[in-house]
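First comes one chain, alone, set out as structure tokens in the form predicted on its own.
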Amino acid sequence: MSLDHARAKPHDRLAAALEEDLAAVGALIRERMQSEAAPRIPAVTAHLIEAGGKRLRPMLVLAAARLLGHGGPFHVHLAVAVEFIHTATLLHDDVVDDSKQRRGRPTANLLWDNMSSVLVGDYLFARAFQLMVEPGNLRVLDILANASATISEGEVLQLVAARDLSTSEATYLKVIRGKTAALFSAATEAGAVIAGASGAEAEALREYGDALGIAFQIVDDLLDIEGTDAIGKNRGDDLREGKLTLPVIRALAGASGEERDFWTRVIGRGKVEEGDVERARELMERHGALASTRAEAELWVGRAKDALQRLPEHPVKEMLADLADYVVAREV
């Protein structure tokens, strides 16, 4: 192993191993996002898809298929379907959250308008379903269609729970399992199924994706407080949007009366003032909420790696285990 390879991040090592498949994914994305009737569709899509995202979700499809010996071609179609579903949800989320920045760039709704973002998101969902059908595998279609519905449920649940200080950890888990982990687990399970996996193999990869997605979102919620501008959005956005993330829920659990007044103003009433993000972090640290949240993410990473142990030995399996560790260690 070269020194450069040893220093590469797990995500980059996996991308290198899947280089040929990822090139095919990129080509199919460019082909299927086109629209002769409405040129704005590829313009809006390209703005987000080409903004430097890691393409983690399509890589999970490709990795699962590779691990189980699939030679193609339809794993590429499924990977693109997953990326289109993800991109559609981002376009819709930025409208719902009135976001101004995504991946370090102005959001599509800011550059164009809300209507364009919503309608292009709808187009990408439709394109995703076309891609799902092409392999002619009803089980794969079932997995990805169910994930699409679950994502929407998670987003609606988050909307209902926003600014509700009584939101429990159980509800938080339902939200992130829906809005984030559902697509991770669908990606890994669909990749397994298209490769002709046994029921046990497909279930192991589904569990890996689910646990990885939960850990990923927990760390994302931590980075909203602990991160820097490199995360590609404004630090403290979750606070401003009234989202009850795990660090907030755990800080609230031990809050004094004065501290609860602070959370009621910031989260409950949405009145965020200068210095409130720093104050929120101080309270989270005081009650051990940041440390315990990171420990929770590490617990889910452990579950993801445990699921991998039920799969055959393969270099990609080791990369997926390293990827799980990286999810908790990442800073962006």
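Values in this document were obtained by computation on a predicted structure and should not be read as measured data. One rule holds for the numbers: they count along the sequence shown, beginning at 1.
There is also a form predicted in complex with another copy of the chain; it is not shown, and the following applies to it.
Trainee: Contact check in the predicted complex: Arg177, Phe216 and Leu222 versus another copy of the chain, with a cutoff of 4.5 Å between any heavy atoms. Do all three pass?
Mentor: Result no, not one residue of the spot touches another copy of the chain.
Trainee: Among the candidate residues Val160, Leu111, Leu165, Leu173, which is the single one with a non-hydrogen atom no more than 4.5 Å from another copy of the chain in the predicted complex?
Mentor: Comparing distances to another copy of the chain in the predicted complex, the residue within 4.5 Å is Val160.
Trainee: Okay, which stretch from 303-311, 264-272, 28-36, 289-297 lines another copy of the chain in the predicted complex, with non-hydrogen atoms inside 4.5 Å?
Mentor: This holds for exactly one stretch, 28-36.
Trainee: For Ser148, is any heavy atom within 4.5 Å of another copy of the chain in the predicted complex, or not?
Mentor: Residue-level check for Ser148: yes, a contact with another copy of the chain.
Trainee: Would Asn234 count as touching another copy of the chain in the predicted complex under a 4.5 Å heavy atom rule?
Mentor: Residue-level check for Asn234: no, no contact with another copy of the chain.
Trainee: Would Ala200 count as touching another copy of the chain in the predicted complex under a 4.5 Å heavy atom rule?
Mentor: Because no heavy atom of Ala200 falls inside 4.5 Å of another copy of the chain in the predicted complex, the answer is no.
Trainee: Examine Leu144 and determine whether its closest non-hydrogen atom to another copy of the chain in the predicted complex is within 4.5 angstroms.
Mentor: Output for Leu144 is yes: heavy atoms within 4.5 Å of another copy of the chain.
Trainee: For the heavy atom contacts within 4.5 Å of another copy of the chain in the predicted complex, list the residues of 114-130 involved, in sequence order.
Mentor: Going through 114-130 in order - heavy atoms within 4.5 Å of another copy of the chain in the predicted complex - the hits are Met115, Ser116, Val118, Leu119, Val120, Asp122, Tyr123, Phe125, Ala126, Arg127, Phe129, Gln130.
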